[in-house]
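What follows is a single chain, given as structure tokens, in the form predicted alone.
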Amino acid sequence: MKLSKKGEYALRALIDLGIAREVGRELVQVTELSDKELIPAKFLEQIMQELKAAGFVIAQRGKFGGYRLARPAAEITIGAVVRFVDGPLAPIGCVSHSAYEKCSCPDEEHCGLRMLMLDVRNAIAGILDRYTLADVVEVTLRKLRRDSLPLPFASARPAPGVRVKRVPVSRRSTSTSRRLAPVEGLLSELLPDYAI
């Protein structure tokens, strides 16, 4: 399973909407999301319309409109979003629960590759289905606060017609790109004693 750009953008936008809700912002415009995340606005608008049709977000039209989560972030699993946008999580069709496809293997029941890929599928699904949007929002806010960075969407709504360019946190850092250590993921933030 590889998360597509569309899937990545959908998750980033949903996380931002979750953050906005946590800091008291009811609605966020697509232009704000696209500026903050450096996502093409037209592509993001298409994604948001699909998320709306699927019941993940609600849109409010008009001059002061925007998007908000359709239900609490704790009720939206990351796995549900990934499956909606990118389809099954299984690396091969013969281990998929939702989109099973017979493979070319002559003995599927005793196929070592299938057994391995089933474990891969179960590991991916286990993590993505265990964590909700609320978990990711909580960890994101915790790390922003720890690093004394401003919380996105915490300031007052910009005046109508004024576009505020927000520089993503990654662009504010030093010029050398910092790679994440394996223990810096979501699991280590939610479960401090977690180790790979």
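Numbering starts at 1 and follows the sequence shown. This structure is a prediction, so every number in the text was calculated from the model and none was measured.
The form predicted together with the DNA is left out here; the points below concern that form.
Is residue 142 near the DNA? Define near as a heavy atom within 4.5 Å, in the model of the complex. Because no heavy atom of residue 142 falls inside 4.5 Å of the DNA in the model of the complex, the answer is no.
Distance check, residue 59 to the DNA in the model of the complex, heavy atom within 4.5 Å: Residue 59: contacts the DNA in the model of the complex.
Hey, in the model of the complex, does residue 45 get a heavy atom within 4.5 angstroms of the DNA? Yes - in the model of the complex, heavy atoms of residue 45 and the DNA come within 4.5 Å of each other.
Considering non-hydrogen atoms and a 4.5 Å limit, does the DNA approach residue 52 in the model of the complex? It does: once the DNA is placed as it appears in the model of the complex, residue 52 has a heavy atom within 4.5 Å of it.
Tell me, which of 134, 128, 30, 69 has a heavy atom within 4.5 angstroms of the DNA in the model of the complex? Checked against the cut-off, the match is 30.
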